Ligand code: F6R
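Okay, here we've got a single chain as C-alpha cells, the form predicted alone, with questions on binding and movement later.
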Amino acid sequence: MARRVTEVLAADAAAVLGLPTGRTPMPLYRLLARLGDEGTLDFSQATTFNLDEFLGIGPDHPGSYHAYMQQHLLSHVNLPSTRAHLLRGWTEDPERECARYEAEIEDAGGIDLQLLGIGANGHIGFNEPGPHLMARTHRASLRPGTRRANAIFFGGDSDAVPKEALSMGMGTILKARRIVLMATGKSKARAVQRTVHGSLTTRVPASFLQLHRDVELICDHAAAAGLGTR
C-alpha cells in the first residue's frame, strides 16, 4: 500500500489521495509517517480527502478522525494543512457540510487514488449494508457492529461511539480514478469473498467495486481465505 502511494506521488506530486481510517490502515500510516520523517516521501503538493468522520464530536476529541489523522499521519508528513480535507463532524448543518465536501472534491479535480478498508459486514467508509446506498457524501447511521469495531477509539466503550457519521457515498468513491482496497484478518474473509465473487448488492456495499475499471485488492492470507472458492 505504501508503495502505491509513493508511486502515485512520484508520478504526480500534486495527486489527490482519498484516505481511510480505522485499525486496518494503522501499519500503512506508520510506514508513511516514517518515510515522511526521513524526508523520503514528499506530500508538499498533494491533496487528501478523508472518507468519513463521526457526527457530533469536535476535531480535538480523541475519538475523532481528525485526531486520528493528526496522530498517525498528518503530523509526520509535509502536507500543508490547507490541503488536508476532513469532514467537519461538529457541524450544525450536516447536509450543507456534505455538499461543501462534494464541491471541494470536484474543485480539486477528483480523487486520483482512493485507499479503502472494508468492514466485516462489507461496508466501505460508513456506507452500511441496507436496502439502498447513497451516491454522494451523506449523513449515515452506524450499525452496532460498526460501533463495536470503532470502540478502540473511544476507550473500548462501544456505547460511547457516535450513532451517526458523515461519509463519502459509493458514487463519490467510484468516481476515483484508481482504487486500492486493503483487508487483513480472518474476520474480513467473508466480506472479501462476497466483494469479489458475490453478486452486486446494497447488502454488501463493497460489491459495487466490481463496477470500477481499476481496483486492486491487497490482503493477507487470512482475509483472502475465501477467494479460492465461489
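We number the residues from 1 along the sequence you see. As the structure is a prediction and not an experimental result, all values here were calculated from the model.
Just so you know, the form predicted in complex with the ligand exists too; it's not on screen, but the next bit is about it.
The closest non-hydrogen atom of residue 123 lies within 4.5 Å of the ligand in the predicted bound form. Heavy atoms of residue 66 never reach within 4.5 Å of the ligand in the predicted bound form, leaving it off the interface. In the predicted bound form, residue 165 stays away from the ligand, with no heavy atom inside 4.5 Å.
In the predicted bound form, the ligand lies within 4.5 Å of some heavy atom of residue 24. Across the options 113-121, 72-80, 98-106, 132-140, residues that bring heavy atoms within 4.5 Å of the ligand in the predicted bound form belong to 113-121. Residues 51, 52, 65 are the members of 42-74 with a non-hydrogen atom no more than 4.5 angstroms from the ligand in the predicted bound form.
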